[in-house]
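Take a look at this single chain, the form predicted on its own, given in structure tokens.
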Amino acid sequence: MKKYLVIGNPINHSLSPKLHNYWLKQNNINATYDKIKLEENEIETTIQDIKKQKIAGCNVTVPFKKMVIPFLDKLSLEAEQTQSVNTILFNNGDLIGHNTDIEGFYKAIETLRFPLKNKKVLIIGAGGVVPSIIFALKKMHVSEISITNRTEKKAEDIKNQFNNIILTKWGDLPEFDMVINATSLGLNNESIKLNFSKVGKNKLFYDVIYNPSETSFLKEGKRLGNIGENGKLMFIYQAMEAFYLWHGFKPKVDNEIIELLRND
């Protein structure tokens, strides 16, 4: 029986096993999918287990999306350009890092029917998923992308990776049509501690966190008269792309899947 897993720290919140095991069972694939919390010094051993095929494939979540890269043989074009890996595949003796977050975010925003062409977007955070979000936003032809992060150096590193990114000092909020929480603040119901009271109404507040389903960031946005959306669809669509890389076909995404994950 093949083994797949997701690695991260923290990892308890991850619904990847629930989703992938549902798809594996639905499609009669003899495999299991689990989650493992790792420390940084344990990453290499786990990646080598994929090369030895003790593990068939692996998803990667915060904070390891960049850290895994030195242990891989090849990167897909998207993983190379974003320097972010969330799916590892073993193929013809090589460990290949892929980035399915880009497609996951792109498809999730498409389903919202919130047109982003020529719109202004503010991203809060500068972690592993941010390059993927920027990559997708540029495909959507937004007019402006601003980043604010408590540690300015991390935001500067992302600005150096992409053209035309505006850095905003922590606490200052530029004008935006969409604001994205790309930090882990909210996993344990923490508050971001930014003042959104003067941003106006009917903006899109988007949180990449999907568990809990409504973070304090989303509650605040809705309280102020804005639209709130969590990262559940992004999570589902990036998982669908990872499933395709490992198994050669895309599983069904339907209301049953949404309901399956809504119960958590």
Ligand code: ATR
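For clarity, every value in this text was computed on a predicted model and none was experimentally measured. The numbering used is simple: start at 1 and walk along the sequence shown. Rigid core (definition): largest C-alpha set, two forms, superposition within 1.5 Å.
If you look for the form predicted in complex with the ligand, you will not find it shown, but the lines that follow are about it.
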Gly125 within 4.5 Å of the ligand in the model of the complex, heavy atoms: yes
In the model of the complex, Ile180 touching the ligand (heavy atom, 4.5 Å): no
Asn149, heavy atom within 4.5 angstroms of the ligand in the model of the complex: yes
Ser184: touches the ligand in the model of the complex, heavy atom cutoff 4.5 angstroms: yes
Complete contact of Ala108, Tyr210 and Lys250 with the ligand in the model of the complex (any heavy atom, 4.5 Å): no
The single option of Ala31, Ile50, Ile43, Val62 touching the ligand in the model of the complex, heavy atom within 4.5 Å: Val62
Answer range among 159-167, 184-192, 95-103, 68-76 for contact with the ligand, defined in the model of the complex as heavy atoms within 4.5 Å: 184-192
Pro63 C-alpha shift between the shown form and the other one of 2 Å or more, rigid core reference: yes
